[in-house]
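Here we start with a single chain on its own, the form predicted alone, put down as structure tokens.
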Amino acid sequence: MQISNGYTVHLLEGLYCYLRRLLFKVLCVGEVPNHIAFIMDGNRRFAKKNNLAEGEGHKAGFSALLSILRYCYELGVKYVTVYAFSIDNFRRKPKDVQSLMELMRQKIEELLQQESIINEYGVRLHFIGNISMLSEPVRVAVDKAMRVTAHNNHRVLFICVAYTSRDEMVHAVYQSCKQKWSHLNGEEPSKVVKNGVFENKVEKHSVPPPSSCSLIELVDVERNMYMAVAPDPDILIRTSGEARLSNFLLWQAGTCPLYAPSSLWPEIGLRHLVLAVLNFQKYHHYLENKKEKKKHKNF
């Protein structure tokens, strides 16, 4: 009986996978987003809702992340960005912050396991934010993850930790001032350290070289943003029904649609991704025109 049940489950899983791939083929008839960003909101509320320990909510959220990454990569999305840990989260109780740091370290190591989705799809990991604020064990895990996956070039997963848009903008302005001062004084600019570690070799996207003007210009700031290593997101998805950005990708998300399903992050599924992509396809040409107008205005 157990063998029969196991065979049935395996058969149903195979059928679900087949139907999902057919669905993605239909979606690919339209424009497929190149970059999707996620605000993973609702892990603690999920735990409370289901009478679980708070840490169990975050573990359920990690499982949801693996599922949504698989869906994105099967669909053909190259870049995925997730908001994993805000600088504002450091205001929580020290015990809670320490628990989250340890959980983060464990999950980074899980991502690097041989059978993980990272190796299956050839995903490069890139951590975005003020990495120096993280605990030392997490910084070591972050550095290892970026080095180990540096050869992967099929997909890229950006994980924003110790990040806020406000901090990103301050960082960009500071680096711009520093580089402009060096240029005006005829000095060689020092090797840029991004995210607390020497910058991994990730291609820049549509960012012009620094201006020769003595004043700091828009191009100088943009090339020093943490997220200069990726194109702007095409879709931003925030779970739990909150239609706000919470200091996430404020510079980059000016023209991308926001999709805010009421489901908590551990409850996110295939249907949410499909609805977000259909909405993106509906307004794609309009949004592209907005981007072009913005580009011509800036340059």
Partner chain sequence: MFSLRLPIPIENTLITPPPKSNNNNTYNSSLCAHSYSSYSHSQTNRFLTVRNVALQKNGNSVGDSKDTMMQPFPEELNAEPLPRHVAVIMDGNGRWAKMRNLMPSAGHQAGAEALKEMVRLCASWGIKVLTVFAFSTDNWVRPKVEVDFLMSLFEKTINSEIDVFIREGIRISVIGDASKLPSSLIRMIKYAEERTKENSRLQLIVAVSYSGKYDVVQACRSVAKKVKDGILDLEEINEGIIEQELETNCTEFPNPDLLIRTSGELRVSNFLLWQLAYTELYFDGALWPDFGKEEFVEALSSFQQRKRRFGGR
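Worth saying up front: this structure is predicted, and the values here are computed from it rather than measured. Numbering follows the first chain given and starts at 1.
As for the form predicted together with the partner chain, it is not shown, yet the points below apply to it.
Contact annotation: the partner chain lies within 4.5 Å of heavy atoms from the stretch 90-98 in the model of the complex, the single such stretch among 90-98, 122-130, 74-82, 105-113. At a distance threshold of 4.5 angstroms between non-hydrogen atoms, residue 59 is out of contact with the partner chain in the model of the complex.
Shown alone here, residue 270 lies farther than 4.5 Å from the partner chain in the model of the complex, counting heavy atoms only. The partner chain in the model of the complex comes within 4.5 Å of no heavy atom belonging to residue 17. The shortest heavy atom separation between residue 164 and the partner chain in the model of the complex is within 4.5 Å.
Contact annotation for the candidate site: 30, 250 and 262 all lie close to the partner chain in the model of the complex (heavy atom within 4.5 Å). Residues 241, 242, 243, 244, 245, 246, 247, 250, 251, 253, 254, 255, 256, 257 are the ones in 241-257 with at least one heavy atom within 4.5 Å of the partner chain in the model of the complex, listed in sequence order.
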